[in-house]
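So this one's two forms of a single chain, laid out as structure tokens and tagged structure 1 and structure 2.
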Structure 1
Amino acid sequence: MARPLTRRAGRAGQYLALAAYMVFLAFPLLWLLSTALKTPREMALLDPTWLPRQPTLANFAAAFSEQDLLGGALRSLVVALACAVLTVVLALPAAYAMARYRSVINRIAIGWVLVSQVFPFILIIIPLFMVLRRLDLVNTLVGLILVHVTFVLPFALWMLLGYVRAVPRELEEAAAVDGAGRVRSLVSVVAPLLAPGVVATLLFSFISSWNEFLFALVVLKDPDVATLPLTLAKFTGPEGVVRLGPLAAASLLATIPSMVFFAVIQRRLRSGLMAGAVKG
């Protein structure tokens, strides 16, 4: 009797801790939703309310009428998708080469990747801006994509390097014994096992580019090419007064694309894990 009770108590404690953690993670989003549905008078109360007393959609209408949210979201989507794909295309072969072909140059490259994460990224803004100006890429989405790839690539390379190292060399050697060449073994043996790492890298690159504000503020000057983070910043007036209701509504809408992307890519991550387990 004591053991079943102990197991039930342990499971109940685990579920309780998981529920508390889920509430902790969901609280900012729920508070954002509550704020977006409140009237300006209710938001000005000294004692804030948890739930809106008179829910309204006026903040959503004001957000769309005051700023070009759809245009900013579309430009951010293009930049984030391009950054994610280009980052994986560059990082995957580099990670494989660094993991499989060990040399002094590879060790220096790995060390440089680690060192590059130590310095604040604000230090490279001026050099990047000068390079983009020489290439006539300032105030363009192409220039911002290149900056985001430069920003995300070191960590993405480090992520994929760990996944490549986790793939045993014996699998490639066994494929070579069966007559498979280097390309065939990479495509048929190694690639399915790297699918979870590729999906995780895509997700990290997309979210990093989608939420990035500082580089976009420096590179993009024309409002017609502003991304979504820059569009959200416009809800703060020149006097520093924040229009909290429309900003909350716009910020809530800005989370939808990244949540949809995560929901779609999460299935790919699971299927990649299963495919890797079966083919490995």
Structure 2
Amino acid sequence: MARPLTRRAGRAGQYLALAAYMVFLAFPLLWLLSTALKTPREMALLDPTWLPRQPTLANFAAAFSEQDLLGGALRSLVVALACAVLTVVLALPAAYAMARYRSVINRIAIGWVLVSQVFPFILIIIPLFMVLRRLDLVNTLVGLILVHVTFVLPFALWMLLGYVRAVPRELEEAAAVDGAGRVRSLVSVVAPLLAPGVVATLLFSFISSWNEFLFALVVLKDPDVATLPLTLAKFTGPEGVVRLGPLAAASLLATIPSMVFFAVIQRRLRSGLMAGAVKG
């Protein structure tokens, strides 16, 4: 008799716990949104309101005029785009080679991918800074692009390796039997199947570079070449309460690229693009 009762109590407990998690996860986000929509007058109130009384978009406009956020965003865009394209151009041939030939290099490369995930950046960033200084690349976007490419490469290679392995070798062999040359089979058979993987890797590299802070902080000392995360971090300083609105607005805008990336990836993961390729 007691069984269903405890069961129902258990369910209620589960919902309670889930609600607690959702509050913890969601409230900082809602607060950011709420702050971004408040007027300066409302921000200055002694007792902060939970929801903006007169929601305004003025903070978004203010964010761009007040500090060099637009410049920061443009520089971030240049760095992230260059980083994404360069990374894929460099990693794709290597991923193809690793997927198609077996060799000791494979193991070393995969070992390096793992090591690079856990190494403290500080140990690399000091000598790297000295190298960049010698090459006169400190305070240049080129220097930052090089650093970002190097640090995104291992994981991008890993991602692409998975996608190349998923393209069956039989397809290339079939193309060869049909008389297609090596290049032709790569271009017209392998490339279309790899396209989704390449897009995902491009996006991943773009986001990693767009969000990156520590290397940018070390490489770009000059505020005139600061990228978006640097400009945002500097935004705070000894701020008055009134400046928090534009800060929240700018933070939200800086998050948009990553959000788009995650939305795209989630759909990609489910669609199973390879499903029909071998059957035909």
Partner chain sequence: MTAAHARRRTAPDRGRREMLLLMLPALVPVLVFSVGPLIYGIALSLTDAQGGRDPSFVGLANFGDLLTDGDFWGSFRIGMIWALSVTVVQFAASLGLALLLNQNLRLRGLARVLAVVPWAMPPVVIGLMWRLVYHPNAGLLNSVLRDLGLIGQNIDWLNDFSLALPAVIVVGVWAGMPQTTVVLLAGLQSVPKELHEAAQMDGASVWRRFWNVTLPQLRPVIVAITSLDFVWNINQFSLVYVLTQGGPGGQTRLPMLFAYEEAFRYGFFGYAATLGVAIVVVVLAVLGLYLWRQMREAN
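All residue numbers here refer to structure 1's sequence, counted from 1. This is a predicted model, so every value here is computed, not measured. Take the two forms, superpose them, and find the largest set of C-alpha atoms that agree within 1.5 Å; that set is the rigid core.
**Q** Can you tell me whether structure 1 or structure 2 is the form predicted alone?
**A** Structure 1, not 2.
**Q** Take the rigid core as the frame of reference and indicate whether the C-alpha of Arg169 shifts by 2 Å or more between structure 1 and structure 2.
**A** Comparing forms between structure 1 and structure 2, the Arg169 CA shifts below 2 Å.
**Q** After the core is overlaid between structure 1 and structure 2, has the C-alpha of Phe60 moved by 2 angstroms or more?
**A** Superposed on the core, Phe60 moves its C-alpha 2 Å or more between structure 1 and structure 2.
**Q** Thr39: with the rigid core matched between structure 1 and structure 2, does its Cα shift 2 Å or more?
**A** Yes, its C-alpha moves 2 Å or more.
**Q** Taking the rigid core as fixed, quantify in angstrom how much the C-alpha of Pro48 shifts between structure 1 and structure 2.
**A** Its alpha carbon moves by 5.4 Å.
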